[in-house]
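Take a look at this one chain, the form predicted alone, written out in structure tokens.
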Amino acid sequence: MDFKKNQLINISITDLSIDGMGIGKADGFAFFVSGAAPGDYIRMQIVKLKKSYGYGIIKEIINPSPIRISPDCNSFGKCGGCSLRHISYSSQLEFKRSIVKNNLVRIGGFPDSIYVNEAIGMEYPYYYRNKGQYPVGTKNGKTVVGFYAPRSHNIIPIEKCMLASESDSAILKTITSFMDKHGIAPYNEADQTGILRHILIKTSHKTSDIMVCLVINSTEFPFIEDLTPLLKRVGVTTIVLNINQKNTNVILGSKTKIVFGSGYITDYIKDLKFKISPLSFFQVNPVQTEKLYDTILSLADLKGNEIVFDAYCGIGTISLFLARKAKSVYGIEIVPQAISDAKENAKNNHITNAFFYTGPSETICPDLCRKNILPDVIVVDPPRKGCAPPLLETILRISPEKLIYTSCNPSTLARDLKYISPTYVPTQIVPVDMFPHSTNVETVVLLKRK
């Protein structure tokens, strides 16, 4: 059958894509449909055709899927924050488990029989984010904040996000009202004019600390001395300016200035205390972070005499958890500020057997080995792009008994596990749902040397 743009067809949705779009086939031709759920029978309109697949939009849900629920957010389908809010939470967890397995089979070349544990979910999957990054723009002459629409930089105004900290709404309203009152223009990407680019809010879920970081296309924010008491009134404990005057999609610049307070917040993971600065990486879901780290500790099965290398250690969160069960832990991170924070976090938690080094892991690890510091366990928690190939080569040369790979990207996880599969075999694969209502999934894998 020859399909045409704008044609209406009926189709059964049988699967979900990695970005949460429903997948169905008509005469063997695949269609991707936003907002569709597996089990839906829909009438859709074709909006784009490629050589071997197409895209459609729902015109009518003829028979809804048994896993379909009514989205509880008015912005669902408009902003790019959530893509699974129309699917029951238990079905979301099963979908994330299947994402991990499908990538391991399709990309990693592992057998279809490979076992992936059930995804560890949340009891209450709302208001869990301790960090919000909000682009700022203008609509109908008023300053607006929100989230970008999918695959665009069009801002969808958001009054309240059910994933963000509940205090964010009042903070955002305070800032936008202040900007309109004082004529402070948001940043305009087209001509690179205006002041405020993004509002970054970091909230401690265990203390009352709230940081507001204003990302500005300038060196100063006008009337900041008048804005400060207004933000203090809605609970903000520190205000920081981040200067980013480059024409770039990167949100944060490298230079920060403290306006009020300490310039950082303090939060806890269980009983460990962490200092979090504007540029620090800290897991965004504190409830699930405890479950994630418990999983890592359980899989590491440390007895107290092991040496552990923690690559991509950030501000030392995983390192310090491991240090209380190991002989010694060596954390490695390429970002100097993160290592500075990690050392301070170790000191503040009275942990003396965690040591931190700045530099590429593929360089620092061999240096430590040459000093006869040989790891029994290596832990890696890389960014979405996965491990740098030189680090994988280094791990294979060092050849520790155990390797624990924590990943936020199932495709690069599968690619890297395939690379090391001649030497290491995955024995436990545990997805952890750090981002409910989105398609993102964290995965912890225990690998043992063959």
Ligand SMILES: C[S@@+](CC[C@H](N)C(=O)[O-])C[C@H]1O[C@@H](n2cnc3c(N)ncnc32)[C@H](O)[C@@H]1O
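Here the structure is a predicted model, which means the values were calculated and not measured. A residue's number is simply how far along the shown sequence it sits, counting from 1.
The form predicted in complex with this ligand exists for this protein as well; it is not shown, and the discussion that follows is about that form.
Residue-level contacts in the predicted bound form: of G77, P360, P157, G253, one residue has a heavy atom within 4.5 Å of this ligand, and it is P360. Distance criterion of 4.5 Å from any heavy atom to this ligand in the predicted bound form singles out F281 from the list Y89, F223, Y148, F281. Though the partner is left out of this view, V335 does reach within 4.5 Å of this ligand in the predicted bound form, counting heavy atoms only.
Although the partner is absent here, G314 lies within 4.5 Å of this ligand in the predicted bound form, judged by heavy atoms. P383 belongs to the set of residues with a heavy atom inside 4.5 Å of this ligand in the predicted bound form. At a distance threshold of 4.5 angstroms between non-hydrogen atoms, Y128 is out of contact with this ligand in the predicted bound form. Of the candidate stretches 317-325, 342-350, 244-252, 128-136, only 317-325 has residues whose heavy atoms lie within 4.5 Å of this ligand in the predicted bound form. The partner is not shown here, and in the predicted bound form the stretch 121-157 never reaches within 4.5 angstroms of this ligand through any heavy atom.
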